[in-house]
Every structure is written in structure tokens, then in C-alpha cells.
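Shown here is one chain on its own, the form predicted on its own, set out as C-alpha cells.
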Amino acid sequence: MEIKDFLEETTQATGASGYETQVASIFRRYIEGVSDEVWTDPLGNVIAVRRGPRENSPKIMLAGHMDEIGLVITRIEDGGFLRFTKIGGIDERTLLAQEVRVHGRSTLTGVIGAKPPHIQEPDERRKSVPMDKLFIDVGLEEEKVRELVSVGDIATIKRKVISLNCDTLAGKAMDDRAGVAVVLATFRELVRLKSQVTVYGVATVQEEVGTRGAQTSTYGIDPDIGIGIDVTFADRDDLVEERAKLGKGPVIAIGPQVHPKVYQRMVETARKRGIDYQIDPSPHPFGTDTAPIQVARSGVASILVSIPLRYMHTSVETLKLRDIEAAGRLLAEFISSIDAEFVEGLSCF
């Protein structure tokens, strides 16, 4: 239940790229009880550590990003209507009629509106409304809006988490609060296991605008093995059959960003422990925190583990809790299998 509570609390919090402090404080509160130390670096990454038995124990880094896609106010128009643009890759087709929070001098509730279909030209009715034709209405007079809101203030979608059943949740920002939840689940599993390594769990910032938090935190930690944790496209009738399936376990990537020995050990661990898993042939290493982890300093043996997710970059991203819990067990068991000898062998292909 703790993972469900964590997801509900963090996804309903505000955390657009560059403005993750609310989510960061929640993550710290949950992770402190299963960590030896927790701190926040200058960029805003939250880093938790479970120390190994020796000062020079091998280091493994887990990274899930806590930022979400969002909006930024670009203009205040006559009548108090707010024009905006996006932070990150938001699906513009889903914005019309969304409820939002505008984070100005105080937090305002608003709705995203546009010209009604009754007065649109015939050609306009056949298309989704482009973002430059949308506006936020906070229901206040223009003078009051200008008093409370400034150009550059951010806005985020307001959405409660929906339980579709006891195991399936839908809401905003599951990308990638689900990955942060896996970090938490892994640390909780490590409490019952013996480990020969030092483990860093990082809730990274600004992934949606360029994987910036992963770059700086990996440089500071200098891990021997780095594990990016994100979400991946889950099955639907209009997607190819090879897509991951909800409820069938975490997805282990194989491709240029994945060290073959780390991949082999991860798969062996899943099979040995009877943990469901899926494989994702991933020829393109970009788009997640794994890419900057891999090329930090002189290079890091890396791998990407993902949670299947439907409707990515919308406000109804949908997943199953069992996949997060299985990922936590898999990563904890993988970590407990690693020792100095394994790490030394990573440079021998």
C-alpha cells in the first residue's frame, strides 16, 4: 500500500521540469527511513544512499526522474485570459478542457478553453485546436489576474489519481513518478537483503527538458553501474504487438545503452527469483536518464528498466502497481548479487 500512497501523493503534487521541490520533499519523507543519508544537490536532485560494508564498496546508482511536463505563462491578455506554451513534450491534443493550477503569487485554479465549435470555420472543426489558440481562464477580472500572475509563472494539470481497479491507477505524471516509486520500492526490499555494494537512489530533475539531473548526479556519484528507471509504451490495439503489456512485469532494455554483462545478470536474476519480466530491443539510447548515465566521466556500465504505461504524456497515464513492485524486487535482488569481482569484470567483454 505504501507504493500506491506514494504514487497518489506525488502525482497529485506539482513538479514541472525545474520546479520539482514539492515532489522532492515527498520523496525525502518516504525514503529517509530506509536510507543511511539523504541530501539534495545544487540542481535539485534528491539523493539517498545505503552504504556498503566497506568504504571502497562498488557503487550502483538508480535514477528515476521526478519532473513532469507542464505549461508556462507567456502573455496576459485583455480580460485576464492567460496564453501559454509547454514545458516538455506535452500532447497538445489533450489540453482543451483540462483543469489546471496556475502557480503565481498564489495558486489559482483555471480551465483551458478555446473558441466554441459553433463559431469555428468548417476547416477548424476537423482539426485539434493548436496550442496558440488555447487560453487559461481563472475566472477573475483582468486587474486581479495581473496582480496574482506574471509572465513566466508555470501551470500544471490538476488531476486526481483514479483507481480503475485495486491494481490499476490512472493519472498525470506517472511518467516518471513510477520510476521514482521503483527507487523507493528497491530501497525497501534492500532492508531484508545483504549487499556488498553502496546503493544510490536518485530522484532526478529536468529529464523532460534534456536529462539534466541525471548528467550532474551521475558525475557527482561516479557509479560503477547505473540503472535508469523510466516508463515505456504499453499494449493497445493500435500499437505493434511487440509493445510491453501491463501486469507482465518490468521491461528490461537491450541495445547500445545497455552493458551486456549487466543485462545478462539482470535477466538471470529475474529467472532465478521467478520475477516476471519483459524484453525491449531498444536501438535508440536517447530519451531517458540512461543515456547521460552511460557517458558520464569515463563511462558507466548502464541499463534501462521500464514500467509499462498507457497514454504517455497525457493526464490519464495508466499503469499497474504489480509492475512497480516487481521492478523493486528485481532491482534489489540484482543489487544483492553484485560484488567487487563482478564489477571488475565489466571492462572485459
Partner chain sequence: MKEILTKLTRLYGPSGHEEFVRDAIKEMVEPHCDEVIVDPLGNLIAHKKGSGPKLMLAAHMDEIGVMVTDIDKEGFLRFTKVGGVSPHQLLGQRVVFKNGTFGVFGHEKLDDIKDLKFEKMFIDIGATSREEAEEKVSLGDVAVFDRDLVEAGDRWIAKGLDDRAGCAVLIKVLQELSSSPNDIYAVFTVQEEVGTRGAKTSAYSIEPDLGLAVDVTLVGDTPKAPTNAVALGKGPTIKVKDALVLAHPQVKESLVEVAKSHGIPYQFEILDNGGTDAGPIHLTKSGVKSGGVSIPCRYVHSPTEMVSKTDMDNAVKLLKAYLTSVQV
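Just so it is clear, the structure is predicted and the values come from calculations on it, not from any experiment. Positions refer to the first chain, counted from 1.
The form predicted in complex with the partner chain is left out here; the points below concern that form.
Only one segment in the set 215-223, 186-194, 156-164, 172-180 has any non-hydrogen atom within 4.5 angstroms of the partner chain in the model of the complex, and it is 215-223.
Although the partner is absent here, A97 is not a contact residue: none of its heavy atoms lies within 4.5 angstroms of the partner chain in the model of the complex.
Heavy atoms of K86 reach within 4.5 Å of the partner chain in the model of the complex, making it an interface residue.
By the criterion of a heavy atom within 4.5 Å, F334 is excluded from the residues contacting the partner chain in the model of the complex. Not displayed here, the partner chain is approached by L43 to within 4.5 Å at the level of heavy atoms in the model of the complex. Of the candidates L140, I279, V111, V72, V72 is the one whose heavy atoms come within 4.5 Å of the partner chain in the model of the complex; the others do not. Here is the short version: of G152, G79, P130, P116, the single residue with a heavy atom within 4.5 Å of the partner chain in the model of the complex is G152. In the model of the complex, the residues of 190-209 lying within 4.5 Å of the partner chain by at least one heavy atom are, in order, Q206, V209.
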